[in-house]
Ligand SMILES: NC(=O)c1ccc[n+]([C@@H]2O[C@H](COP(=O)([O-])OP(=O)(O)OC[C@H]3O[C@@H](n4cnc5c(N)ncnc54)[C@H](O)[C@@H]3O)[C@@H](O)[C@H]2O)c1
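Heads up, the chain below is alone and in the form predicted alone; it's given as structure tokens.
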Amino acid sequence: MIGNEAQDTARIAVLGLGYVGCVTAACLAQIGHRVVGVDRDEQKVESVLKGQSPFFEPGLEALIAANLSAGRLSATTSLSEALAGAGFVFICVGTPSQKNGDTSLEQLRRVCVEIAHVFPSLPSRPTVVVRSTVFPGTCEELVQPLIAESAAVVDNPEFLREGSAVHDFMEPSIVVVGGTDAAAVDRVAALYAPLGVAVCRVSLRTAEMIKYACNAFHAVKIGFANEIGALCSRMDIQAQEVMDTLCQDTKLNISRAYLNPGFAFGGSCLPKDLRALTYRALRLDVKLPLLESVLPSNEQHLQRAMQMVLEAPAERIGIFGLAFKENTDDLRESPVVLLLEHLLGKGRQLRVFDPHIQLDQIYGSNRNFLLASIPHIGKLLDERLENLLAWADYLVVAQKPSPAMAAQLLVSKLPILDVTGSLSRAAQPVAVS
């Protein structure tokens, strides 16, 4: 056992002895807590009480037997029995897919009603911890109202992989606890202290969303590797060598680089190379639906930004940034140029400032692209940021500003739409003032 059964030992009821619940119950007991698992299925309960696992998972049965013998783990079909004296109730029921793809909350709704029925008989109400995977808003809109307002609700998503679930719990890559009650979040986070890991304390909806974001990212990575592998195979290239080399780059490839929600991408490389890759794949009769969807996805993101600007309650709109990203004067396939084209076509009054763009110093394909898109761009460009801020009654930040210019933008007191996320630090582009 990690740590010891000191004064920090908690009494925990785990509702649901399926895959997530049984692993969670056994591992919480292993790190020193007193845990009782609850399930309607008598066979699952009997299995645990015999020191056996209801299903195969490496290392799980040994944990169940050891902690049952030590008196830290038990199981019952009685919810009222399990909740008596419990400081925490972990909800680990299934949330399977429905035919339309949405999540079924039937089991979650039922168990919340049952918890609410037992609560009045308890001297104190335990902290409710939702471990089931639920869509953002579920805890606030379903769980909290059903179990009564006086009970604290916390979301603590699981990140357990079948086949390595015990290892994933005992040596977690991440532990997330979210809620609106800071004290309750701290109580749940403290349960994991014996593991010696830093707990990510976040908002309730953020905790719910993180689970979906992680699984979507994992799925995208697998799909990406498989599509690159399929194309490599068709071209007689060693796919594993490609991916092994790609993974050597831990600054840009295997890192948090580019994982910052913001504006659409552009420039002379990403769009061009994606087009070439997908075109050549089609010539070889290799369909790459994931990679083929990237440019349309980028276009949709640009369209969302355009719509947000069009909805701005302003006559004079100032745009900060013109190049496709900061610290360059490269305008080729800049999403900001496309944004300007669209806004001008809708009759909006615009002025633009970019600290690295001077029209008389732009040459070649860079200048041709800009003038072909916006022939009268010279009339829109301001040479000084102060001039732009004095003219505009609304500001769109379309490029990450330097710290000094960011301060200047904020001091202006203009309403700001930050589509880069660099000022607002939001998960999606939001208006700030």
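Residue positions are given as counts along the sequence shown, with the first one as 1. Remember, it's a predicted structure, so these values are computed and weren't measured experimentally.
The following text describes the form predicted in complex with the named molecule, which does not appear among the structures shown.
With the named molecule left out of view, the stretch that reaches within 4.5 Å of it through heavy atoms in the predicted complex is, among 155-163, 330-338, 317-325, 176-184, 155-163. This chain appears without its partner; in the predicted complex, the one residue of S293, S233, T133, S268 with a heavy atom within 4.5 Å of the named molecule is T133. Exactly one listed residue, out of E114, E208, E227, D354, brings a non-hydrogen atom to within 4.5 Å of the named molecule in the predicted complex: E114. Within this chain, V38 lines the site of the named molecule in the predicted complex, having a heavy atom no more than 4.5 Å away.
Interface residue remark: G223 is not counted as part of the site for the named molecule in the predicted complex, having no heavy atom within 4.5 Å.
The named molecule in the predicted complex is approached by C92, whose closest heavy atom lies within 4.5 angstroms of it. Using a 4.5 angstroms limit between non-hydrogen atoms, K400 is distant from the named molecule in the predicted complex. Site residues A264, H301 and S422 are none of them in contact with the named molecule in the predicted complex, judged by any heavy atom within 4.5 Å.
Along 12-41, residues G16, L17, G18, Y19, V20, G21, V38, D39, R40, D41 each place a heavy atom within 4.5 Å of the named molecule in the predicted complex.
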